[in-house]
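Next comes just one chain, in structure tokens: the form predicted on its own.
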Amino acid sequence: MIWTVMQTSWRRLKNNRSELFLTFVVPVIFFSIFALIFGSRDSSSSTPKIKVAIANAHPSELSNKAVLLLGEQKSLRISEHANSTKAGDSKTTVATLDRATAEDLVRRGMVSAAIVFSKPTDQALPNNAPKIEILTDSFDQVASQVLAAIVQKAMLTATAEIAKSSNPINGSAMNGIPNAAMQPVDVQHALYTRANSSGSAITPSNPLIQSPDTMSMLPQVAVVDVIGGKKTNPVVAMYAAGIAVMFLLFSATTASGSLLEERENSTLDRLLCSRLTMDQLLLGKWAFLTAIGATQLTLMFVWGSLVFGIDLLHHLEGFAAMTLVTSGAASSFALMLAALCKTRMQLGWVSTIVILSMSALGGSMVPRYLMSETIQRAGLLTFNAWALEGFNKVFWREMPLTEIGTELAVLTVCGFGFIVAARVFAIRWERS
């Protein structure tokens, strides 16, 4: 009898395509998505580069050399802004900015961080070493730690090369710089490629490198959080939008299943026999789903404001605009899926696959800065990425309404396209 039960269960599973798909195909799909997100980081060709701006406010031989070395780093992408200047010779140039422009780029999210060389506060430093600051956006929690080590490596290499060029016979004692700082670039790279949360370099177990004289000569890099440092609860401010958008899609899709229920129990046929048209039916359901979605988002952010300290009162204008267009686009997307599917069960597994895939690629599950550049570009094809970017600009970067025009426009176009597609798919119900 046990074997009979197993055979019966297998026949039921084999004849249920949706359950068969959920059992054997969906796990492979999600494994592939997360493998692409995280596995691609092992390849140097697809590892995302850190986009940075460089401000050389105190040009000197040392800072100019360090800027050129930073420009040669394959892990960095130097921002070339409109008012940037070129540093270096005709063959090798690096775009540099003033401090105010570099900080503005960080605040606007156009770069992950800015490296600032300014006037030294300690004139006793060797080679008139500049003061070094990394202006960072803690939304990207990795960039600042990596940059601190990269900048220290560039400064040590620049100091060594200047000392060697000044005294090619014996540059190991130039300006009191210990021999450890004179090591080749590849050795320094191995010694100074990891950084802790404070930005100081972590060196291997090497008696020479850990000597007091050598450790005292490490360039001091100050990490300044220009955005998250003023927030009472920056982690919640970053991830509130991701959770809100993902569950908005789930709730809207679940509610849109009423269309299929009305189709299955012939209520839809009776409605269409009255003066109600399909256009009116879809628009009515869209308006209802949009109102419910806006209420859901408002409730979530009000709760976040009261309990977790999200600053909602000072961002009401941007929040209202993003809530309206996000709810509208999510409602249109849900109606499109409902019109595309034949049964409510089919809508359930299709929406689960699509929404979770969009959430993974769009940043609701995994921060997009952890993804490779290819996956980040692919994420822009999802609804979630634009919604999250709009909410992050409002709550994290504290930008005015005029600065989120692109996100509002994209979501509006998506909402219009989805509702038109829903209307096209619904033609079959009128014909039948």
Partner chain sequence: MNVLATPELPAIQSTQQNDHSIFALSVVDLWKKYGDHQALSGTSFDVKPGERLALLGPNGAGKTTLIRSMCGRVRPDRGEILLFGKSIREPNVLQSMGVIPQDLAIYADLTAQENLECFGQLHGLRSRKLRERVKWALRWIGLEDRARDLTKNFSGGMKRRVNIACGVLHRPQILLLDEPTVGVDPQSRQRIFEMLDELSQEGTSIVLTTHHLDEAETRCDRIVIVDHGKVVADGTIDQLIEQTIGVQREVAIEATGLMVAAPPGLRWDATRQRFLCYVENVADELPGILERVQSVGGVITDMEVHQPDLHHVFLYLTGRELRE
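Keep in mind that what you see is a predicted model, and the values were worked out from it rather than measured. Residue numbers count along the first chain shown, from 1.
What comes next is about the form predicted together with the partner chain, which does not appear here.
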* To do: Go through 112-120, 263-271, 155-163, 304-312 and give me the stretch that gets within 4.5 Å of the partner chain in the model of the complex, heavy atoms only.
  => 263-271
* Find the only residue in Ala255, Ile243, Ile353, Leu276 having a heavy atom within 4.5 Å of the partner chain in the model of the complex. => Leu276
* Asked: Taking the shortest heavy atom distance, is Phe425 within 4.5 Å of the partner chain in the model of the complex?
  -> no
* **in the model of the complex: members of 146-163 within 4.5 Å of the partner chain, any heavy atom** => none
